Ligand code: BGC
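Next up: just one chain, as C-alpha cells, the form predicted alone.
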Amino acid sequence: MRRRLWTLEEFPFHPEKLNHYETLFTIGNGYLATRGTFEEDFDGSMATTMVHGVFNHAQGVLVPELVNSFNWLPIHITIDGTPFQLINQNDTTPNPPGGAVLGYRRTLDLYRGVLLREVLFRAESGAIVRLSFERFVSLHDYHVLAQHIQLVAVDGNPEIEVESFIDPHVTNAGAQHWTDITTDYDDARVSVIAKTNQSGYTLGMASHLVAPGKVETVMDTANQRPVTRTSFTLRTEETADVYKFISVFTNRDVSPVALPGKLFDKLDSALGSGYDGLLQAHEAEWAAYWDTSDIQIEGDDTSQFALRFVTYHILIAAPRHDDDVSVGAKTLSGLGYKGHVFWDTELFIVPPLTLTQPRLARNLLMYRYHRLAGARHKAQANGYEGAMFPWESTDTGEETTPQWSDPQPDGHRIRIWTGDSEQHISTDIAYSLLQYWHWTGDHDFLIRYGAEIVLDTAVFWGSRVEHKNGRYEISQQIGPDEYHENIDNSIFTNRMVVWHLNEALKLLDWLNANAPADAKRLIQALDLTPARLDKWRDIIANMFIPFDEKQQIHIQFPGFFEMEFIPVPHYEPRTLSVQAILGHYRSIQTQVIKQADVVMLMALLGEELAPRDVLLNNFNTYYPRTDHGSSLSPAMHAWVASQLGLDEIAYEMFEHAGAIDLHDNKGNVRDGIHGAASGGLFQALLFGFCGLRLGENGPEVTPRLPEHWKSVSFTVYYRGEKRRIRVTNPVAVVPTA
C-alpha cells in the first residue's frame, strides 16, 4: 500500500508521452531541479536542469529567462557493441538491429525523492542485460547529485562499455546562454565551467565516475567535451555497479576564482560518504519534511496520491538556503514562462509552506523584500508613489513581462497587457505576507522586512486610485480573469485594495504599540503623513465596489453582463480552452471568464466580503461562465464550493485540479509543473474541505469532507508550535500528539 500511494509509475514505456513524463519525473532539492530525461538521451527529449537565480537575457530573446544549465545525466552504455537505447520495444525477433527492449518500468518514489528506471534489454548479439538507473538530487547537501547504474547479465557474457560526460552545449529551446566554456579532467573526473553571455553568472559542474575496469578520461574533440570511459565483461548472473557523483556551484555560492577547487572538494566529500551514505542522509532529510508536509486522506487513494504528488513538487522547488530567489510559475521543472515569478508564488505556493514549512515560506517572502527597489522603480516609471511590484519578476526585480506574444499560427503577435495592467499582484504579496505573520507570529520578519512591503505597496495604491464623482475608482486593470483586459473597476482589484489599505492601517497601529522605534523609522522613510493616512481611510470608505442590489451579486466589472453570453458548460468535452476555440478577439468580448475572479475574491475574504447568501449567488452566477483556462482555477472553485455546501461541484473541481499535471488535462505539462495548481489543491483541501482558518485562539476547523472520505489528518505550525489535527466523517475534530 505504501508503495502505491507514494510512487508514480510509468509502465510500459510511453514515447508518445515523453515530455509529459519528463516533467512529472523531475527531481530536485530547492537549489536545482532536473527533468526526467534519460541517461542515454532520446529523440525529442527536453534535457533541462534549472538552478535557482541564474537568469540571462540572450540575444534574440524578448526577455530574460532562467537558464538551462549543463546536462549532468549522460551515461552511455554499449552491450556487445550495441548501444543501449529505448527502441524496438517488445521485439521478439532474434537479434534485431539495434537490440530490443524486452521490459521497462520507471518509478518516482515521492517519499524518498528517488527516481528509478529498470529496463530489460537484448543486444544484437543475443545477450540479455537488466539495467537499473537510479538517481537523486541530495536534499541533505544541495550541491551533490548522484547516479547509480546496476547491470545484471541475465543471459550471455556481454562486453560492457560505459561513457560518461557533462554536456554544457545546452540551450533554452534554441536560445544560447553559455559562453567561455572551460573544461578540466583527470583519470576519473571532469569539470566544466561556463559563464552566461549577458548577466555574467558563472556555473560549474564536476563529476567522478566509479566503475569496474580501467576508468580513464579523454577529450572528445568533435563534441568539445571530456568523456570518461571504462569497459568490462560480465558473466551470466554477474552484477556490476557504476556510480557517478556530481557537484555543482555557481558564483552565487562562491567566487568564480574559488569555484574549481570547491567543485573538487565537494566531489571528494561525496566520494568519502559513498553512494549509500549520501542516499541515507538524503532519505532522512525527506522523512523530516514529510513529517509536517504530508496530508493523509483515508477513503480516497486517488486524492491521496494527487496531494502527495503536488506537495512533492512544491518541496523540490522551494529554496531552503537562499532567500534571494523564488519559485517560478512552472517551478524548476520546465522552460514554461521562462522561469518568471508571478502571483502564483504568493497566493498559491507560499500558503502551504506557511502552514507546514514556515522557514521556506519566509525565504520566498524575503525574495520580494530584496526586490523592493525594482517595485519602486516601476511605480516611479508609471508616475506613482510607493512600491508597485512587477507582474513578472526575475533576478533583478524589474518588470520582465514581454509586451508581445510569440508568433501565432497565422504569424501575428498578440499584445500582452499584464505587465502594464495586472497590478493586483502588489496586494497579493501583502495578503500572503500578513497570512504568514498571523500564523507564525514572526515579529522579527514583520518589523525588519514585511511591514515595509505592506506599507509601501499601500502608498502605491493611495497614489494609483482615481477620485471621480465623489468616489474612488481604478481604471485600466486586469483582474485574475485575464480574458478581459484594461477594464475599469475590477471588483477583485478594487475590493482587495480596500482590504490592503485597512490592513496597512492596522499594521501601523500594531507597530506603534509594539515597535515604536521601527514605526517611526517607517513613517519617516515612507512619508506616511497624517494626510496620507487620512486619504487611505477615505478610500476605504468610498471605493467603488460594483454590486447589483437587485440580484444581490458582485459585478466582475461594470458592463460585464452586457457582453455576449457563452454557455461554457456546453463546450464539453474539451482539452482546449474556450478562448482557444472562439479565438482571442471574440472571447475577450464575451462573458467567458478565464479563471476564478469573483470566486477568488470569495476564497481570500470569505464572509468578510459578503453574507453567505450573497456568496452563494456569486458562485452560482460565475461558475457556469468560467472557462478554467488557467490551471489555478479549479482548486479555488473547489475551496469555495466546499465552504458553500456545494459538495458535488467541490469534489468535481478538486478531482479536476488534482489531474491537471498527472493527466495533462491542459495539454502543456511538457513545459513544466503548474505550481499554482499544486498549491491550490493543497489549499482546497485544508481551507475548503477541512475548513481550516485562524481563530482568535489559534487554528480552527469547520470540516465538510466529501461523502466517501473517512478522515483527513494533517499538521500545521502555529507560532512555532506543531499542531496535528484529524477530522473525520461524520464530523469530528481530533487533535493528536
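For every residue, the number given is its place in the sequence shown, counted from 1. All values derive from a computational prediction rather than experimental measurement.
What comes next is about the form predicted together with the ligand, which does not appear here.
For the options 630, 432, 311, 494, the residue carrying a heavy atom within 4.5 angstroms of the ligand in the model of the complex is 630. A heavy atom within 4.5 Å of the ligand in the model of the complex is found for one listed residue only; from 343, 72, 651, 289, this is 343. Although the ligand is omitted here, in the model of the complex none of 23, 136 and 145 has a heavy atom within 4.5 Å of it. Annotated contact segment (heavy atom within 4.5 Å of the ligand in the model of the complex): 594-602, selected among 594-602, 455-463, 377-385, 189-197. In the model of the complex, the ligand sits beyond 4.5 Å of every heavy atom of residue 442. The closest heavy atom approach of residue 482 to the ligand in the model of the complex falls within 4.5 Å. Although the partner is absent here, residue 391 lies within 4.5 Å of the ligand in the model of the complex, judged by heavy atoms. Under a 4.5 angstroms non-hydrogen atom cutoff, the ligand in the model of the complex has residue 337 among its neighbouring residues.
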